[in-house]
Structure formats: structure tokens, C-alpha cells
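Below you will find one chain, with nothing else, as C-alpha cells; this is the form predicted alone, and questions on how it binds or moves follow later.
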């Protein structure tokens, strides 16, 4: 077989093309140090009490981690989507509950407003979301509309002069109990189904809005979750995001970005679970030697390592692709398929890594107060939220069948 030419070698992808750049690695390392120092110590109380620490958002803002994708004139960092994903990864290692709430604020609310709202809305809300004085969330899911969030949506918005009047209930809303700014989807044309949805920015002080209840979860307990009620809630027409009945484009573009960045929480959690298991295997002694010297434990560690490395590669590839998603893009084509595949693999892979880590810990892993137990209780959510694993498979297959 002839040796490859110099041109052949030049055209081959470098192994380093799957690595972070020096600047990206610096962002990840800085966020990791910050998260370990300031977010990790909050984990226990957050989990025990379903407590959201009020200092979290101001601390993230101080580091420049809020409004990463926003322009500096609005208080943002002039950064990109990939950078916000690296921050989510680092937070996921140290405190997954903070990472989840960070994404709900930073991506589902702030970045969605930034990408889809007019300049007036951006100037009124983005600076407060960037400096941490306001917490954001997104309200899409309803008691009767989960996987069929668009078709089965029952929340309505009726035009009344210079306002819309919203009526309905949203459920499982991350940051709901503490949110100041809520990006809400409602039907403005009931007969049009998913094509009759509009998006609105609602403030917690608007008449007719209330937090009905804070929900008690198995995992991610510090990332507080709520049921929200809109009872003749009056919202200024100027707070509509995009054109009336065109909210589905906002939803679908946002969902693709959400799936890409939520997968980064999985990456951070899998990395942390592997590190904990490896350290325990080196230090826990049974039968006169560290359990890491037993081949069955070694096999588990090897499989966990492979999963973590492949999750990382898949996540970084997907984040790079999503980084270029145009406004109004998403919900179709390669990016729709890729983001669904990434979160499917990352979520199920993370569950496997964490489950094996608990097995290595044995009885200690079953104790509620341990960090590995918190990871175990949390990981299942990410096979459900942002579209279940089953929905993700349907998306992938649907795009494949289009040819």
C-alpha cells in the first residue's frame, strides 16, 4: 500500500479538532474552580431543604457567567453559546442543581428573549437578567401537555386592547418559585393548533399571575420547581415575543439549543461520578487490598471511562454545531436530529456511569447524604426533561426517514 501523500495528511482531521481551544479550556478551568469553591458547599442544604440560595445568581453575574451570549451594551459578555455550555458543564460537576437553574435562566429565558424579542423587550429585561437582579424561567409544559407540549397546550392568550389576557396552568417549571421574568407560551388561536401559539414575557408582579405550589422532587432538589397559574393575567401587548401565532418557531429553535446545553449537565455529572468512583476504588480496601485491584471493579471503571470520553466528544461536537444556529432555525434537519441524539446519548450514558459509581460505592452509595447518591437521584430527570428519551428517538428516526 503506497504511503499517504503530504496533501492527504493535511486534509485529515487533526485529533486536536475534538479538543477545546486554549481559550475554551481556560473558561472551563476558571468555571470549575469557581464552582468547586462557591457552589459545591451549597449542595447539602439545597438537597435537604429544596432551598435556592439567593447569592447564586449575583455570584454568577460577578463572574460574567450571566448573559454570555448578550452584547456588552445590554450588560452581556459578547460571548457564544458554546461558552455558556462550558460553564454549565463545570457547574454540573460541582452542583448539578445550580447548573440546571443556570440553564433555565441563561438559555431558556435570557437567550430566547435575546434571539427572538424586539429591541424594546431586550432593553427592558436583558440587563436585569445579566446582572442577576432578576431570575428567569421558561413556562411551556402543562398538566395535560408534556411530550405533546404544543398540540395539547391549553393556556390561552386573548387580545384585549393594549394587553393580552392569559389563562392557564404551567407545570414542572424550573426556577418557577423564584423567577422574576417568565417566558410563557400560550395559544392565541385555538383553532390553529401548534400554529396558533405566541410567546410572552410575564413579570411575577403582573396581576393574575401566581406561583400555585412549589414541587417536591426526587433529585435536583435545589433547582426549585413550581406550578404556575395565569388567572386573567394581563400582559402588555408590547411584551409579545415575535409575531402573533408565530411562537412555534421560538419554541423549536429554543428546544434544540436546550437539548444541546442540557447534555452538558450530563457531561459534568458523569465526569464527577467517574472521579468519585475512581478515588473510592483506589482508597476503599476489602480483602486486604484496594477494591480497584479487583478485575470486576476495573472493568466497571474502564466502561465508565469510555462512556465519559464519548459523551464529552459528542457534546462538544453538538455544541459547536448549535453555536452556528441562525435565529429562527432549529426544529428540523440535521441540527434537530443531532441535538436529540446528543442528549439521548448523554443522558442515558450519564445514568449508566452514575449507576456503576453507586455500585462501586456499595452501601455508602445508597446513603442519601452522599454526593454520589445525590447524583444518582438527579440523573433520571435528564432522560425525561427537554423531551423524553422516547421523544428524542422519534425525532431522530423522523429526520432519518425524511432522507
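Please read all numbers here as calculations on a predicted model, not as lab measurements. Positions refer to the first chain, counted from 1.
What comes next is about the form predicted together with a small molecule, which is not displayed.
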Do residue 384 and the small molecule share at least one heavy atom pair within 4.5 Å in the predicted complex?
-> yes
State yes or no: in the predicted complex, is some non-hydrogen atom of residue 141 no more than 4.5 angstroms from a non-hydrogen atom of the small molecule?
-> yes
Using a 4.5 Å heavy atom cut-off, state whether residue 390 contacts the small molecule in the predicted complex.
-> yes
Answer with yes or no whether residue 225 is in contact with the small molecule in the predicted complex, where contact means some heavy atom within 4.5 Å.
-> yes
State the residue from 120, 147, 310, 133 whose non-hydrogen atoms include one within 4.5 Å of the small molecule in the predicted complex.
-> 147
If we test each of 234, 128, 210, 217 for a heavy atom within 4.5 Å of the small molecule in the predicted complex, the one that passes is 217
Stretch in contact in the predicted complex with the small molecule, which is absent here, among 314-322, 109-117, 172-180, 189-197 (heavy atoms within 4.5 Å) | 172-180
